[in-house]
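As structure tokens, the next two blocks hold two forms of the same chain, structure 1 and structure 2.
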Structure 1
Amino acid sequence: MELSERKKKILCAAVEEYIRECSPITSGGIKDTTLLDCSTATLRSELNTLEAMGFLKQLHTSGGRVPTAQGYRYYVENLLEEGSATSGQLDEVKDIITSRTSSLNDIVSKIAKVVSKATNYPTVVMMDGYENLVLSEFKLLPLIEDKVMVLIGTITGYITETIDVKASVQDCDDASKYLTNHFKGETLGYMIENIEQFEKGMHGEIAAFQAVVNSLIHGLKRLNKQRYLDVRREGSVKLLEDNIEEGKKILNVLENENELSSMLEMSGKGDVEVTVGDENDSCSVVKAPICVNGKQLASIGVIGPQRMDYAGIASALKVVIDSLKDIKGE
């Protein structure tokens, strides 16, 4: 729905004032905020029109107005078209990302925690793009009770997998060298799809550690089908302090893995996407894909009520995803 520039400015100012103050919007408050060169009576008329169009609603006949879900959505659409990341935000994320000696799950968890603390809202990261991880090295270590620990280095961090197979130190060393030599620089998905062809072409080379390789591939196929969710609840206390009922709804969502997975699905329409909760469902989400080398590895979402700081959160997520985009394969 097209709005005049004045109506657009008034609506965006109204939404931002309500997010900031959590109190109904008045023509006087808008005049102070926007510094528009028009009378209070004109602003009152514009607010009446925005209400009639469904962007605002009046809680009481003599009271001010608050944004509707439609109003929030219009604000968010304009925000995502015009917004850009603020330099200097979330420098801690860049430090986490540049350290690739941590496990991938630890890196994901640390990023979620930093974003949650920075935005003051609960944050969720969903890992579901293991097949796009670019491999750098393999290290296999024999354990007791016929188990082998596998450390898989990637350009973003390492992942671990324990496989049930009996293997000697020599078998593990040979398998480590073989896998690193043939799959360094390739994706995990490529390795899973093509390992059988490599086995056929080099059967003699891997015959001694065939069982190790087979067990590893079975474990990686299982890992590739999994979704890893990391939920950080920093900011939950503030939600309960602001509005107990809204806070409870959001905390209930954080306990539901299926609902979280659905909320974090990306449509591919943009770097940052926003879903504004309906009037009866106060849960909104600002989310973004986490991509490395142009491939999506995960998605990150900040969960909150309708009245959340969309601009600040979108900017914070933009910093995160732009920092990750800078990572290149080695």
Structure 2
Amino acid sequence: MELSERKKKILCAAVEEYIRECSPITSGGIKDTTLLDCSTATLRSELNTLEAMGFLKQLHTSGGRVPTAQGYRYYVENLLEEGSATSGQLDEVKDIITSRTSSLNDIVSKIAKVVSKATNYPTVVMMDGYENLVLSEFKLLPLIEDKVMVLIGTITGYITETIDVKASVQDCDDASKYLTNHFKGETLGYMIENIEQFEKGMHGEIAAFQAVVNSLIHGLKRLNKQRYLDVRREGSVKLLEDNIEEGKKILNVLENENELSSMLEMSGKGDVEVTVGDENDSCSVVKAPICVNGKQLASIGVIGPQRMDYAGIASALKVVIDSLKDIKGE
């Protein structure tokens, strides 16, 4: 649907004014903010047309208009300008990830915390499976009670897990060295896929510690399916200020892990995406994939009401994901 330049300007002003002020848009208000050289009567007729087209709606006759979900979507897709990034406070994201002493989950939690503080909206980070992580070293360590500690060093942080298998120190050492040597620099997904082939080709070499590797692969496959969600709630009280019912809905969504997961699914285009909530279920999300070296490791989403600051949040997220893109392995 193509709109005239003036209509675009009016719709843009309408959405932004409503986001800012949270009160219905009037012909007079539009005239003040756009400085368009036309009368309020003209604007009224334009607003009337935009309403007929479905971008705006009146709450009641002789009240002002508010944007519809369709209006928000048009704004997001066609009118949203990249705001100047509020990079100041987001510089710390780089520090978090380049320090690399933390566990992957800690790193992800810290990123969510920074974004939530910067935007003052609830923020969720969802770890993808392990398959896209790039291995830098692998260590297996036998523990008491027939368990083995698995330490996976990656260029983006480390992971520890225990698996149930009885193994000698020697077997663990051998398996660690073997796996590190063969798969360093590769993704865990690649490793899991290829491990069986390696086994067949050189069964003599790994026969001794094959049991360990098998349990390991089995454990990794299982863990790979678990999604780790970290939810930060800075600003959740602010959600209740304008519209209590809408705020409650969002708080409920934040308690529901399944719903959060599906909200954070990315289309795969690798950039910031915006989903505008519809009237019934008025949750909007600004989300982005967290990619390192071209592999998606996680996704991050900022959740809020339909009337949220899409421009500011999108630019904040852009800074975060851009600063993560070019981490180099050592």
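Numbers follow structure 1, counted from its first residue as 1. Keep in mind that this is a model prediction, so the values were computed, not measured. Note that the rigid core is defined as the largest set of C-alphas that superpose within 1.5 Å between two forms.
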task: Just flag whichever of structures 1 and 2 is the form predicted alone.
output: 1
message: Following rigid core alignment, is the displacement of the Asp230 C-alpha between structure 1 and structure 2 equal to or greater than 2 angstroms?
response: no
task: Return yes or no for Glu257: a CA shift of at least 2 Å between structure 1 and structure 2, with the rigid core superposed?
output: no
message: Please determine whether the C-alpha atom of Lys248 is displaced by 2 Å or more between structure 1 and structure 2 following superposition on the rigid core.
response: no
- request: Determine, in Å, the CA shift of Ile144 between structure 1 and structure 2 after the rigid core is used for superposition.
  value: 4.3
query: Once the two forms are fitted on their rigid core, how many angstrom does the CA of Thr180 move between structure 1 and structure 2?
result: 2.9
